[in-house]
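Okay, so here's just one chain, in structure tokens, the form predicted alone.
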Amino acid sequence: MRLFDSFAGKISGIFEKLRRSGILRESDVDEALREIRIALLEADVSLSVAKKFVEDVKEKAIGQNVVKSTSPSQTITKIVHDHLVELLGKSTPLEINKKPYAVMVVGLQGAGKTTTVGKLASFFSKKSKKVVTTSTDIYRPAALDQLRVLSEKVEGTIFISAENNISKICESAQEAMKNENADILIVDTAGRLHIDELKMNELQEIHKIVNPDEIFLVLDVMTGQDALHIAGKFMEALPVSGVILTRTDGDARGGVALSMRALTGCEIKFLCTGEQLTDIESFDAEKVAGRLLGMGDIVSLVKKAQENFSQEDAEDIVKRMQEGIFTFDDLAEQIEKMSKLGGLKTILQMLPKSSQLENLMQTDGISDKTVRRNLAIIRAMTKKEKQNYKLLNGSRKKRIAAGSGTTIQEVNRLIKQYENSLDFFKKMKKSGFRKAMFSNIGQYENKIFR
């Protein structure tokens, strides 16, 4: 998710400088707050929100006498963290155990509504909910086809299409919910390039028929401050209960998210973080604030890992590494699993001091691109070569490089990295590394400050 990259990079740098200072003067705090204000404005946060944020932080910092505290940089970091959480706004949990549960999805054309409906179906399906989806966009046949295809990809999801009548479409979907004993109904709606009275009247009619528990407004972060204006217009016509921000992987500013709650009062419910159906996450102000301040989000990383592979599998891999029987087949499998976690970029963003780690990786020439290249190299190997890398002589390396579209130097680099990994895990075996890594995973609570 690139939504906060620019702001997070700047603000992490500000606090890193404070931490290095040790003892802070009042002028240091003032300078830090000035830089935070600039970072907020550059992130496309409105002037009024940025000004109030800095004023509130300064007032709290003076009240707690940050300069004279035993750990001034930590104290001011916590104050900023708490105010970021307040600015972003905590979201009310969804009552998805209520049955039946109906969701209405609205927004302008091009914001990504239909794709978001598919992602919501995927999100609810992972929580063992049976989902019914339908579309009231009778003006764009492609919308119906798109939602049908997306729904078919999500286990436990049923797509309902009826004749060219919005009322009958809604009624058919509600009837299908009863017949199929489904848990959740998600209604996609038509979008237009602009807000008009006809569109709002239609949405209000759908609202009366469906009587949804949630109305989610889908907003494209690429529209910047216009998204706040759009939100205001929709909220005038409908009881919007939450916002879903799309294309958060394509914009590095984040001003929409940082201003949404303060200027509209509307909660952010979800962030769409990529193109895949699984690329959606519940909005959590605590976690986002932690990422912004370079504290990472270990809890989410652990959860993502647990969704894609079991603890037993992970322990087995480490054991095989320690005993030197970890093959290139095993490595390829781990690379593919890492891709399911969102790739190196996503994983790094969830680790503390992610910006420093990212800079280190750039220095060493490590990226998602090099990871994909390594996977191509492994796939170009024969089965015997994957099982025993010592077979890889000069002629074999030349063949592998040609087959993977890489160079012999890149093949050699991968083999060297592989050998270094084996050596590392063998050395760590005696230190109890495996036990420390996998025991008491529950200790990772989402408590940034203790």
Ligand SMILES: Nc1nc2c(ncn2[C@@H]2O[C@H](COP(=O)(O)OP(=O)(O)O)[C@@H](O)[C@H]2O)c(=O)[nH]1
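Start at 1 and count along the sequence shown; that's the residue number. Take the two forms, superpose them, and find the largest set of C-alpha atoms that agree within 1.5 Å; that set is the rigid core. This structure is a prediction, so every number in the text was calculated from the model and none was measured.
Keep in mind the form predicted together with the named molecule is missing from the figure; the text below concerns it.
Shown here without its partner, the chain carries A111, R247 and C272, all of which come within 4.5 Å of the named molecule in the predicted bound form through at least one heavy atom. In plain terms, the part of the chain that comes close to the named molecule in the predicted bound form, with a heavy atom within 4.5 Å, is 103 to 111 out of 199 to 207, 154 to 162, 103 to 111, 76 to 84. Site annotation in the predicted bound form: the residue of T115, T370, Q174, S91 reaching within 4.5 Å of the named molecule with a heavy atom is T115. Residue Q146 is the only one of N374, S241, S122, Q146 with a heavy atom lying within 4.5 Å of the named molecule in the predicted bound form.
A residue is said to contact a partner when one of its heavy atoms sits within 4.5 Å of a partner heavy atom; R140 meets this definition for the named molecule in the predicted bound form. Taking the named molecule as positioned in the predicted bound form, none of the residues of 153 to 183 brings a heavy atom within 4.5 Å of it. After superposing the rigid core, the Cα of A142 is displaced by less than 2 Å between this form and the one not shown. Positional change of L198 between this form and the one not shown reaches 2 Å or more at the C-alpha, relative to the superposed core.
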